[in-house]
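In structure tokens, the next block holds one chain alone, the form predicted on its own.
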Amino acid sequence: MDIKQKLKQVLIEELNLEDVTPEEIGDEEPLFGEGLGLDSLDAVELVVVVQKHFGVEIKDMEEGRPALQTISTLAAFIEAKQQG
């Protein structure tokens, strides 16, 4: 399972997203607002989820804001941190 697929699965399980399947989450779909509809509380949970499942820490909002845009940006952030 690639990082994007695992991210989608983990998001659904950890954030208790109902009526959504991994296939329904687009790689470029915004995670917040109009897209998937996550909010600021979800952002905090998402930081914990990324550390728990991928061993990658998002230290602050300056680092997190660009990473938490879409599945693609989050996957790229995780890959870069895991290789770094």
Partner chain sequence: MRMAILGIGICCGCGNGVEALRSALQTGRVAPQEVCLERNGEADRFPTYRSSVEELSEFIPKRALRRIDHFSRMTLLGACLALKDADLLEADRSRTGVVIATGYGTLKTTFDFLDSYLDFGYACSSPTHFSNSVHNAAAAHVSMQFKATAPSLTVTQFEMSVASALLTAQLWLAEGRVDRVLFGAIDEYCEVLRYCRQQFFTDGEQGPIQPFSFDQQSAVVGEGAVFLVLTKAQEYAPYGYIDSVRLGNHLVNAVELPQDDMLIVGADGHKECGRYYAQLLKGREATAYAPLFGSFPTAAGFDLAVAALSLADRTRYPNPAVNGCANDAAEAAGRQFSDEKISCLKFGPGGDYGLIRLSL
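From a predicted model like this one, the values you see are computed outputs, not experimental measurements. Positions refer to the first chain, counted from 1.
There is another form of this protein, the form predicted together with its partner chain, and it is not shown here; the text below is about that form.
16, 42 and 48 - do all three of these have some heavy atom no more than 4.5 Å from its partner chain in the predicted bound form? Answer is yes for this spot.
Going by a heavy atom distance of 4.5 Å, is residue 26 a contact of its partner chain in the predicted bound form? Taking the distances in the predicted bound form, the answer for residue 26 is no, it never comes within 4.5 Å of its partner chain.
How about residue 20 - does it come within 4.5 Å of its partner chain in the predicted bound form, if we only consider non-hydrogen atoms? Taking the distances in the predicted bound form, the answer for residue 20 is yes, it comes within 4.5 Å of its partner chain.
Is any part of 20-40 within 4.5 angstroms of its partner chain in the predicted bound form by a non-hydrogen atom, and which residues would that be? The stretch 20-40, when checked against its partner chain in the predicted bound form, contributes 20, 36, 37, 38, 39 at the 4.5 Å heavy-atom cut-off.
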